[in-house]
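Below, in C-alpha cells: the form predicted alone, a single chain.
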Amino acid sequence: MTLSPKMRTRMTVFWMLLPTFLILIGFYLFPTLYNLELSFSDITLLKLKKGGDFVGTTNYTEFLTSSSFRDIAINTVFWLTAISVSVRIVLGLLFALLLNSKFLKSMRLTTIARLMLLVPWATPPVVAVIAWRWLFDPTYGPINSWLISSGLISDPIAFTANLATVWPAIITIIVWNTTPLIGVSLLAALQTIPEDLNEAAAIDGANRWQQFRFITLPYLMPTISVLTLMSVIWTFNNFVYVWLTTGAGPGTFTNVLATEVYMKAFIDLRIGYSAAIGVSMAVVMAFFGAMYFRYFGLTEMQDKVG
C-alpha cells in the first residue's frame, strides 16, 4: 500500500514524537494513577506503610460539601486567577505598546526599557516574594515609610495581614513577577503587524484609537488568547505566591486550592483527602488544557503538517 506524501509526513511526525510521548507517560501517567488511587482511600501520613482503606468518593464529597469549599473556590477562581490574569494581560499590553512607541524610539530608550522590563521576570518567585514582604513590612518597609511621610496615612498598614489589603498585596507580587513575559510576548506580536496598514488607515482619516481598535487589537487577539489561557493554567494551581506571602492567612482568609492540598497532606496528615483535592484540580486543568489544544494546538499542527 502506497501512502500519500501528506500521510507519510504525518507518520514521520508521529514516529518522531512517539519517544517523547512514552517518556511523558512514564513520568506523569503512573503518578497520576497512583494519586487517583489514594484519593479513594483514607490513607494518612501515619499509615503509609500499612495503607488506607477504600472509602469510595467520601473524600470528594467531604471536600465539595465542606464549609470552606466556597471560600477556597472564590479565592482560587476570582482573586488568584481571574483578577491577577486580567491585570497582567492589560498591563502587558500597555507595556508592549509603550515599548513599541515612537516616543521611546526617538529618545533611544527602547533597549533600556526592555532590559528593565525583564528584571522582574528574571527574578525567582521566592526572591520576589521575600523582597515584596520587606517592602510591605509595617515596621521597616519603605512603602509604609513613604505613605506616612507623605501624609497619606497616619499609622502603618500591615498589608499582608490586613483583610482589606492582603489580596491586593498578593496580586501585586504576582503581577510584578510575571507581567514582563506577557509584555515581551505581545511586543513580539506587535512587531509583526505591517506598518502599511496603519499608514493607510491614517491617510483615510483614522485616529490612533481607531487604528488600535480596528488594526492592532484584531492582530493581537490570537496572541492575547493564548497568553490568557496559559496564564490561567500557570496561576490556577500556583502554590508559591500565596503560601510564602501569607501562609494562606490571616487565618485561612487567602487559602486557595494549592495551599489546601499542602495543609491537608502535611499539617492534617490526610493524604487521601489531599489527593482528592489534587485530582479535582487536575480535572479543571485538563479542561483548560483541552481548550488550549482544541483552539490552538490543532490549528498550529495542521498548519505545519500542511
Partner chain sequence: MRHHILTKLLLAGTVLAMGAGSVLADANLVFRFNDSERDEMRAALDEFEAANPGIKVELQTIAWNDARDQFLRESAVGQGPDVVHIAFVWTQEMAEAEAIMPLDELTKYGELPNGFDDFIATDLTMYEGKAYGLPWTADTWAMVYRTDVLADAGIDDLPTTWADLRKDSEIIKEKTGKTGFSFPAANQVWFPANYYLWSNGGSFIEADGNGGYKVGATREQIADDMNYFKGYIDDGLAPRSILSIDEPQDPALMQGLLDGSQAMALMPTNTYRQLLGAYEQAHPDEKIPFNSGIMMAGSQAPQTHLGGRTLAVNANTEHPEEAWKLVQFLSSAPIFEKYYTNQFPAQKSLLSKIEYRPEELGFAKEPGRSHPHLGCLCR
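Please read all numbers here as calculations on a predicted model, not as lab measurements. Numbering follows the first chain given and starts at 1.
Keep in mind that the form predicted in complex with the partner chain is missing from the display, and what follows is about it.
Contact annotation: of the candidates F69, Y60, F253, Y262, the single residue with a non-hydrogen atom within 4.5 angstroms of the partner chain in the predicted bound form is Y262. The contact with the partner chain in the predicted bound form, taken as any heavy atom within 4.5 Å, belongs to T139 out of T111, Q191, T139, S106. Although the partner is absent here, L48 lies within 4.5 Å of the partner chain in the predicted bound form, judged by heavy atoms. When contacts are judged by a 4.5 Å heavy atom cut-off, I267 counts as touching the partner chain in the predicted bound form. In the predicted bound form, the partner chain sits beyond 4.5 Å of every heavy atom of P120.
Although the partner is absent from this view, T76 stays clear of the partner chain in the predicted bound form, with no non-hydrogen atom inside 4.5 angstroms. None of 78 to 86, 230 to 238, 207 to 215, 139 to 147 except one has non-hydrogen atoms within 4.5 angstroms of the partner chain in the predicted bound form; the exception is 139 to 147.
Along 150 to 164, residues D155, P156, A158, T160, A161 each place a heavy atom within 4.5 Å of the partner chain in the predicted bound form.
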